[in-house]
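Only one chain is shown below, in structure tokens, and it's the form predicted alone.
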């Protein structure tokens, strides 16, 4: 597809923003229907998990609680956002079967719906943690916070792109979700979500794998501006930007190829 077609498709997605925002809002309502605590679970769940894991790690390993707990919390909520976007994104087109069959709608809207729902939970946890850290440690570095905003945009585009890819593949191959679950389990241990990256410096090839992992770069871009008040390293920004560009291009190309045929596969 040419640039003009791509631009018009993006414009159409934006024109339908009230539609996909309403879908995301409905997903949130359905998820917490008849819940006493409601959307606060998006903060309670990672907070409790952080307390448990941090309690174990700080007891067994020589790690300071006040350093490790915030590090772990930001890792868990960011990883949860990516995991929910990818796994729930697998069924994005199947769940939107009725909409897709009724009228031609840009397919990217439906994975976007999933990412927005997951993103709301992520932003609630992120905002609460940032507010707490600022309350105890004072004003953050404005430049570092600007880099954090850039990281959130890159992560959002990446999650959206991966959800589009998984949703398309899942329509053709129902095993996609199972493969995604296994892949994410492997990636979890190859990404410093629950351990400090520097703890692998003596691990040889494993340290190299973790360092080159694009999700490691994303976590650094989220953690470093908040916890250290510094901009992410150039290597982390380069890896994250390159990975986002690759998966976004792949997702867009894939959607362009299957847009007319996908309704017949559902």
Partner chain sequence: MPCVRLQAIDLMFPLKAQRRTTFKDLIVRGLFRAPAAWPETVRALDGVTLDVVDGECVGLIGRNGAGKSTLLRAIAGIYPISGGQRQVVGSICSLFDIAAGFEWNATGWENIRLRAYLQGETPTSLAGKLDRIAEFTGLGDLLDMPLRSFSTGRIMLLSFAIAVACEPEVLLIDEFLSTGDLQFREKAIAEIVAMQRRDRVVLIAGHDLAFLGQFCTRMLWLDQGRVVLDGPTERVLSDYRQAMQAAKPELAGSPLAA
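Remember, it's a predicted structure, so these values are computed and weren't measured experimentally. Positions refer to the first chain, counted from 1.
Just so it is clear, the following notes concern the form predicted in complex with the partner chain, a form of the same protein that is not shown.
Engineer: Can you work out whether residue 18 and the partner chain are in contact in the model of the complex, taking contact to mean some heavy atom pair no more than 4.5 Å apart?
Structural biologist: Although the partner chain is absent here, residue 18 would touch it in the model of the complex, with heavy atoms inside 4.5 Å.
Engineer: Quick check on residue 198: any heavy atom within 4.5 Å of the partner chain in the model of the complex?
Structural biologist: Residue 198: no, not in contact with the partner chain in the model of the complex.
Engineer: Tell me, yes or no, whether residue 108 is in contact with the partner chain in the model of the complex, where a contact means a heavy atom of each within 4.5 Å.
Structural biologist: No - in the model of the complex, heavy atoms of residue 108 and the partner chain never come within 4.5 Å of each other.
Engineer: Going by a heavy atom distance of 4.5 Å, is residue 179 a contact of the partner chain in the model of the complex?
Structural biologist: Contact check for residue 179: yes, within 4.5 Å of the partner chain in the model of the complex.
Engineer: If you check 165, 129, 171, 154 against the partner chain in the model of the complex, which one has a heavy atom within 4.5 Å?
Structural biologist: Going through each option in turn, the one that passes is 171.
Engineer: Hey, of 220 to 228, 46 to 54, 65 to 73, 31 to 39, which bit sits against the partner chain in the model of the complex at 4.5 Å between non-hydrogen atoms?
Structural biologist: So the stretch in question is 31 to 39.
Engineer: Assess the spot marked by 26, 100 and 264: is the partner chain within 4.5 Å of a heavy atom from every one of these residues in the model of the complex?
Structural biologist: So, yes: the whole triplet contacts the partner chain.
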